[in-house]
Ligand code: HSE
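Take a look at this single chain in structure tokens; it is the form predicted on its own.
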């Protein structure tokens, strides 16, 4: 029987207020449900590449398969094989698009990571983990206009990742706090990455630059020393939130409500429109979830999850077709 390689890639929250373009966290709902994209790779019949899109958000993607990021993944992966004098096998890729596009949950990164891992597994893993990650970065860059690993790295490795991108090191894992709950909510409206970037100033004041560096350094130190009290003081965004908040309806009221529930932090997930809100106790997290369901979700596309950090990251399973 033919084998099917199925890759699951979790959602992620980038920036986390304190680490613009440098921090990203993989998310796993505490109820055991999945929050991510899945791509399966198997033998295609009578064609070199076959791409099928399924899932809740399939209609949000281009109908032209050649405009789908999975097609770009196929082209670049085939080039990587050619560099190694290896043959490409006819492949059917099936994307279960469970993450909304332009949501701030690393939707494109999840599709990219799952596609590359499925292709690599189906071809007997000619790429090592670093080569996989570099290819994922290239593909993510085709979507956002520049290579950013703050969603790709946590999606791939899991955990809370600090993007280093120096030499052969793309990112390193930070030890987040296991007792904290992350309420993640997508309101159902889109905020494009390009729109969210264009609204940012071209230059920042020296004081803002120093404050950003100081808080990020403090946060990294607090994670390594497991000083939760110090870490929670650092969730202040001087880079993006002051400008992007107006792109997200009711964000200010949501943040104020979080303060009333003793939130550790409430901020914009990635470039939005999703938000995150962090709590020390489950009851407060549940209260925020209920508030968001009543006051933040704009349509049927929106949802709220109470999450912990997904420490596994992307993973591949092998099945018989």
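From a predicted model like this one, the values you see are computed outputs, not experimental measurements. Numbering follows the first chain given and starts at 1.
Keep in mind the form predicted together with the named molecule is missing from the figure; the text below concerns it.
Chemist: Honest question, do 15, 148 and 244 all end up within 4.5 Å of the named molecule in the model of the complex by heavy atom distance?
Modeler: Yes, the whole candidate spot contacts the named molecule.
Chemist: Please determine, with the chain shown alone, which of 48-56, 282-290, 66-74, 265-273 has non-hydrogen atoms within 4.5 Å of the named molecule in the model of the complex.
Modeler: Checking each option against the 4.5 Å cut-off leaves 265-273.
Chemist: Which one of 173, 250, 193, 129 is close to the named molecule in the model of the complex, taking close to mean a heavy atom within 4.5 Å?
Modeler: It is 193 that has a heavy atom within 4.5 Å of the partner.
Chemist: Only one of 78, 89, 197, 142 gets a heavy atom within 4.5 Å of the named molecule in the model of the complex. Which one?
Modeler: Selected option: 197.
Chemist: So in the model of the complex, is the named molecule close enough to residue 301 to count as touching (4.5 Å, heavy atoms)?
Modeler: Judged by the heavy-atom cut-off of 4.5 Å, residue 301 is well away from the named molecule in the model of the complex.
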